[in-house]
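Just one chain is shown here, as structure tokens, and it is the form predicted alone.
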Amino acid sequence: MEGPIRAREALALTLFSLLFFLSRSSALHDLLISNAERRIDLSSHIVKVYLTLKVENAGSSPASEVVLAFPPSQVDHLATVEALATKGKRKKTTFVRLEVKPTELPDAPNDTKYFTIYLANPLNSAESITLEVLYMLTHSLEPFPAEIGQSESQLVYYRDSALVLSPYHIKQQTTFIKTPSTKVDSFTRVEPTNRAGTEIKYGPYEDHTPYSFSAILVHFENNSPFAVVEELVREVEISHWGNLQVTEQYKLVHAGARHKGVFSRVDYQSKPSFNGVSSFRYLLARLPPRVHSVYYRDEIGNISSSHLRTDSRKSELEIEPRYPLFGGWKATFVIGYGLPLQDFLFESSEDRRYVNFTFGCPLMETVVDKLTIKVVLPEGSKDPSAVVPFPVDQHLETKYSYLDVVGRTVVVLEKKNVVPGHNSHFQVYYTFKPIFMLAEPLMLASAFFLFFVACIAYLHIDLSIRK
């Protein structure tokens, strides 16, 4: 009897999945894109793509989602995907943020990967909507040649398609590629193709079927700092005595074309505009306002070549490693600072507290391959939970510090492929009873009391062996 029941359940599940895929497939055919405009910004080593889509519902049933397609070569380097829906015209235009999630579709051609945009309101038949999509790509610029000398400029490859990869029929589309300078060695032509200054225009192209693709290759000069943090461990320690201590451990590398030959500091300092143009000697870190007790050191010791500028809204720390970083060179250092707790700790309902801090890396225009944020809660905290605006890996640890008895709960958040677009606020909630703040002072008082009692007892006890 149990076998037939399981067979019927499996058959029902299969039929449900088939109906779901058929309904989604029909929804894909009902939508079309009347106009697509894509702007690719290659001015730094983080590729920013701005995509404007005018989507029309040519079917008879409402549509509640729009699917974006990406080639598998880009998905591995995709850092973030954001979407906005526009309302109104000209000065009265407003933007509504939409939810975007990765999804899977059956029979994806050439291992195409998908992201689904969920509309705030269903798109009825014969209606249209304009979507603004932003996605960022990391490690998508390939240095060629792979090794350069100190006096050479850095050339890179960028590979993409002149046509927007989409599961929908596109009536008209145009792609603009912006390079850092006018020094473009070569680029693929897919007529009509025009180049003016730092911009290459592909299109407009008319009436292309779904999944149309036309490979292009752009070889151009890019001397921007390819600053990549291979690993960043950021520890935020909360003390209810009024301080928030932040410690950041960096493993930094220049991910551009590797340096070959001998480094000459004389040429580097005398002719900075011709020697080491792709290297960088300093980085800028954006820190919260009212920062104090800032330090910057490496394995050797404290590094004094840093400058801190503060005001009521922000703090900027300009750090300079001990040596300029060329392609393939690495640097390991630590940045630490303190913050007033009252700016970041708040109370919520049900006697819960939460700390509101910024996710991501404070270094400007930097890619973080692996980011680990550790929020160290005060001893005695219970029921910790984290709220992050994007998917991250979470787990709990225990840390022992001075005078700790049971240890402090640590909320660990991990994420790979982090870009400046991830610099948004996250919250860590927990419960804490103020009585636990007296634990360490009572331990110190008890220790001093026992010490003085022992001293008094020692002075009044006769330990001699004489009668």
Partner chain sequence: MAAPEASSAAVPTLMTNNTLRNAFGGVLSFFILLLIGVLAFSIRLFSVIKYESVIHEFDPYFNYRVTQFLTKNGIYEFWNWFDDRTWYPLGRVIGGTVYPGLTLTAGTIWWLLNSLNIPLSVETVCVFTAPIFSAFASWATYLLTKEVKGAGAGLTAAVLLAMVPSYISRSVAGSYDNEAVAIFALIFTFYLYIKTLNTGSLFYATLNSIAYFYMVCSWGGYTFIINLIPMHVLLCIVTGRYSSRLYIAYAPLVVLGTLLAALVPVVGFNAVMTSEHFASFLVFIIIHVVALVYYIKGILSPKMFKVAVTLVISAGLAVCCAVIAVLIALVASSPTKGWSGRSLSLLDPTYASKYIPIIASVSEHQPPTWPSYFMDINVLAFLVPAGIIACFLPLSDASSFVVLYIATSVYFSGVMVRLMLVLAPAACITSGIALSQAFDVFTRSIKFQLPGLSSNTEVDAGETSSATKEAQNDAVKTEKAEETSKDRPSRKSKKKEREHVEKPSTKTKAEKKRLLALPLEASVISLLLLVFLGAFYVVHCVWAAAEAYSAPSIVLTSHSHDGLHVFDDFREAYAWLRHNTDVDDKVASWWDYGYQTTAMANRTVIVDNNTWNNTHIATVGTAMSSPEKAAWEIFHSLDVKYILVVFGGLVGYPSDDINKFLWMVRIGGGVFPHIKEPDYLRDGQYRIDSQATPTMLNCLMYKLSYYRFVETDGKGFDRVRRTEIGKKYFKLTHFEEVFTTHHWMVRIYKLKPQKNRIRGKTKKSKSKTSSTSSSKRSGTRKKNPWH
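Just so it is clear, the model here is predicted, and its values are computed rather than measured. Positions refer to the first chain, counted from 1.
The form predicted in complex with the partner chain is left out here; the points below concern that form.
**Asked** 383-391, 160-168, 294-302, 354-362: which one contacts the partner chain in the predicted complex at 4.5 Å, heavy atom to heavy atom?
**Response** The contacting stretch here is 294-302.
**Asked** Does the 4.5 Å heavy atom contact test between Gly328 and the partner chain in the predicted complex come out positive?
**Response** Looking in the predicted complex, residue contacts with the partner chain include Gly328, since a heavy atom lies within 4.5 Å.
**Asked** Looking at the partner-bound form in the predicted complex, is Ser264 within 4.5 Å of the partner chain by any heavy atom?
**Response** Output for Ser264 is yes: heavy atoms within 4.5 Å of the partner chain.
**Item:** Contact flag, Trp241 vs the partner chain in the predicted complex, heavy atom cut 4.5 Å
**Value:** Contact check for Trp241: no, nothing within 4.5 Å of the partner chain in the predicted complex.
**Asked** According to a 4.5 angstroms non-hydrogen atom cut-off, is Arg281 in contact with the partner chain in the predicted complex?
**Response** Answer yes; at least one heavy atom of Arg281 falls within 4.5 Å of the partner chain in the predicted complex.
**Message:** Under a 4.5 angstroms heavy atom criterion, identify the one residue in Tyr118, Phe144, Tyr323, Phe95 near the partner chain in the predicted complex.
**Reply:** Filtering the options by heavy-atom distance leaves Tyr323.
**Asked** Which of Ser151, Thr332, Ser214, Thr130 has a heavy atom within 4.5 Å of the partner chain in the predicted complex?
**Response** Result of the distance check: Thr332.
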